[in-house]
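Just the one chain here, laid out as structure tokens, in the form predicted alone.
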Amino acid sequence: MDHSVPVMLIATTDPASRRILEDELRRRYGADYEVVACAHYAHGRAVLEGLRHWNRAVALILGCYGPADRSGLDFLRRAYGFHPAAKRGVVVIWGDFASAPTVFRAIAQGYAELMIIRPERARDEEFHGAITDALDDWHLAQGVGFEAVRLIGEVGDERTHALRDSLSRNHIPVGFHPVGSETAERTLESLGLRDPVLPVMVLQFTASPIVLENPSDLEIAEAMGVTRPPSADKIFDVVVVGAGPSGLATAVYASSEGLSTMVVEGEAVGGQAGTSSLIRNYPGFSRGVSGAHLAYRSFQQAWTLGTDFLFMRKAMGLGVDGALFAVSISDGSVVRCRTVVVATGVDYRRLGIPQLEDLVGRGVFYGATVSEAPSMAGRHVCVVGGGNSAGQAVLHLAKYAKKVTLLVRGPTLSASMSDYLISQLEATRNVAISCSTVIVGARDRDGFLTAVEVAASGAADATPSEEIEAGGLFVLIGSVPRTSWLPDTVERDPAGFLRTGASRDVSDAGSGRPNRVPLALETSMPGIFAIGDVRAGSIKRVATAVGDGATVVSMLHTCLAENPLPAPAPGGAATPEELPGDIRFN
């Protein structure tokens, strides 16, 4: 058997379930996976230990729980120690409702990641949908497979790290090869590059591979054929700045209701939510969904409905052009529109410790847990933060790292993190939680992080009280709204978040529009709306961000109806809506 082939393992003492599951998995997946069925859990543990010894990748582990088998949950809990990166599913029998509370409680405590109903008929696509979703998430986390883009650079280089993270979050298959590795040297030699400026990016999906040396975001966008700015005479009904959950929801609803829509995104679809390895509390996804998959599906949905996108370009300014708005883009272009929706979200707050800032990309990361987790294999890792993003990061990193320590400034997690995440953290054996703790310093060796220095958060001074080994530090604290590109006429609260709603009167802000009470999600500048995390008073949850995106579209209709475009002169040029507005490719 080819040892590069991933393994799918079934273990159950229920012969009927074992026969059904083995038949289904072999028939559907036998060509791409090695399917192993074990009649006893002791045998299953022995097989998993052997696979670990031989460095075999295990993609999926299934155990059963029902009247004929009450040991599957314990097996799955123990299986984590052998192959923490594998997806673990508990298989139940339809109609065994009495077992449901036990199964749900075990999943909440981290024994397994998903519940699957045993197939009771041929071609049970609900069963296979659950399996393929799990395999898809597993492959995404492994970063294995087709290399549309080959990236060669230094392991600790911040720009190389940023490119890896951006490409993976945008669902672009990227293979990273450290400079000096056999593949990197062979690639550079074949391209005739003897002393290139790193990082080197090779676009392997083009007719002739395109080679970029230390490229800017704009150079990458142009080389990849990412959509170009629209023509100067194009006027959009709405420009959405930011492609996180709220911005994508706006694009879906606005485009589906006939509004010409442009989305500008400087980094990657999904925003901070796109970096979450598994979102368990988003309605409609009982098995959970990775932030990357949720974001990518929303992007595809908006795209197919007619939304225009400008990727790897940032909004740099906002001005008024008569009855229109003009959004300045980082590539020097200007997009004109009738309304603007600000969905720029937030950045993680920086720690502000010089020792750590100097190590960004060399052991210190802001977010980026999905792209960097495999490189943490066997290391001690620390995560800073007390919210859901930090909890999800810890659980994902724990699949690879030897130990993960969560550092929390506050005295408890209960005020800032969902109960289901706290339960899973407490049940994960290689996770430690340290409350009332802050980072005050760091140690490094040869320019790479080796340890962090911490102190009690209530201490009178910053004298380190403990040193914690750390080959990686992931920071997910606080939030800084991305609003610096907006004019001062758009009101902020003291923390910089955008004020919306009818809490005060507004001026015309130079737009020439009449004074009126703003709509619920409208800012102090008429026609400019704010949604999602950048909005003052918002609830930092994916579902509420999506709700903002859906809600704001009805307000866009109101605003557009108040300010119709002038009719064209008889025999004159077509109105902007009549001009071609298709997505443009290089």
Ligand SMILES: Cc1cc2nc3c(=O)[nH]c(=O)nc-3n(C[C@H](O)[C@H](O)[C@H](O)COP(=O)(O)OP(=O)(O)OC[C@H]3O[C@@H](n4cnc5c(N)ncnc54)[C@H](O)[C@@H]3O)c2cc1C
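A quick note: this is a predicted structure, and the numbers were derived from the prediction, not measured. Numbering starts at 1 and follows the sequence shown.
Only in words, not in the display: the form predicted together with the named molecule, which the text now covers.
This chain is drawn without the named molecule; in the predicted complex, the residue among Gly471, Gly266, Gly175, Gly478 with a heavy atom within 4.5 Å of it is Gly266. A heavy atom within 4.5 Å of the named molecule in the predicted complex is found for one listed residue only; from Ile279, Val149, Ile116, Leu324, this is Ile279. Although the partner is absent from the chain shown here, none of Arg499, Thr551 and Ser554 has a heavy atom within 4.5 Å of the named molecule in the predicted complex. In the predicted complex, the named molecule stays beyond 4.5 Å of every heavy atom belonging to Cys337.
In the predicted complex, the named molecule lies within 4.5 Å of some heavy atom of Arg541.
Contact between Gln272 and the named molecule in the predicted complex is found at the 4.5 Å heavy atom cutoff.
For the chain shown alone, Trp485 is a contact residue for the named molecule in the predicted complex, at least one non-hydrogen atom being within 4.5 angstroms. Residues of just one listed stretch (198-206, 154-162, 307-315, 116-124) have heavy atoms within 4.5 Å of the named molecule in the predicted complex: 307-315. In the predicted complex, the named molecule lies within 4.5 angstroms of at least one heavy atom of each of the following residues of 334-348: Ala343, Thr344, Gly345, Val346, Tyr348, in sequence order.
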